[in-house]
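Given next, in structure tokens, is a single chain: the form predicted on its own.
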């Protein structure tokens, strides 16, 4: 395992002012996003949609890497270039969601992927007893085994333990579960000898449940999230790339911005690996209409620019309005 190479890739993915686009939705998930806009969920429309995102001019200024789906990493743009080459030409690192077994890592590496992502889902029950320690351990074990296999294949693992924001839990309960989850994940990482320097963590933010009836102030979410990470994530990890986890695009960006404005610097770069929070606006602007590709790309570039600004705490209402 070339730890130096892995660390170089990991640090490039959290380069200053940049973050990751998660464009790895399954057929079912992207279908749910297409349906309200009347877009037929077939392979060609999925290709056209992702082409719209990946061929946006100058997007490499804000995007360091893209997590692709199995279908997408094998597709080409209208001009015949593989999407992987489109990204490389923009200085963007191709990655892959490993959802069909880690034994395919060698194949994905041959196709051009330099990092991979695996997600585990943690549900906070309203009974106050779930997730159980056994559930946390099982998920952590799966994530650690995947991460070790990635590093053996000389690919950077992005480890994603997502604590869902579904439910009626408080922000305090989310903090408790997230802290326990991350402690368990990093203990399993140690047992499987995963090199900290050659991985990235993709956590959820510490938030009250979506149906709790309570909305925490942006600054409270930022403080709770960073405090939880400080308690659990080793400083040797090259960076944190947050998922948006069902938040609106503007709220996810505001939370990231507030974290990077905290007076005490975190020991790792705080970046983003957003899906819906980067894609909702461009998908609506495009709407499946080939005459509105420019509109979709303009909306995507704006969301990427806003999140780039949030990397340094420079996101403002004026910047947000400038893209409307």
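Everything numeric here is computed off the predicted structure, so don't read it as measured data. Numbering follows the first chain given and starts at 1.
Beyond what is shown, the protein has a form predicted in complex with 1,3-dihydroxyacetonephosphate; the following relates to that form.
- Listed stretches are 266-274, 38-46, 51-59, 285-293; the contact stretch with 1,3-dihydroxyacetonephosphate in the predicted complex is 266-274, by a heavy atom cutoff of 4.5 Å.
- Looking at residue 104, you'd find every heavy atom of it more than 4.5 angstroms from 1,3-dihydroxyacetonephosphate in the predicted complex.
- At a distance threshold of 4.5 angstroms between non-hydrogen atoms, residue 245 is in contact with 1,3-dihydroxyacetonephosphate in the predicted complex.
- Of the heavy atoms in residue 189, none are within 4.5 Å of 1,3-dihydroxyacetonephosphate in the predicted complex.
- None of the heavy atoms of residue 88 is located within 4.5 Å of 1,3-dihydroxyacetonephosphate in the predicted complex.
- Interface residue among 119, 173, 145, 109, judged by heavy atoms within 4.5 Å of 1,3-dihydroxyacetonephosphate in the predicted complex: 119.
- Taking 1,3-dihydroxyacetonephosphate as positioned in the predicted complex, none of the residues of 209-231 brings a heavy atom within 4.5 Å of it.
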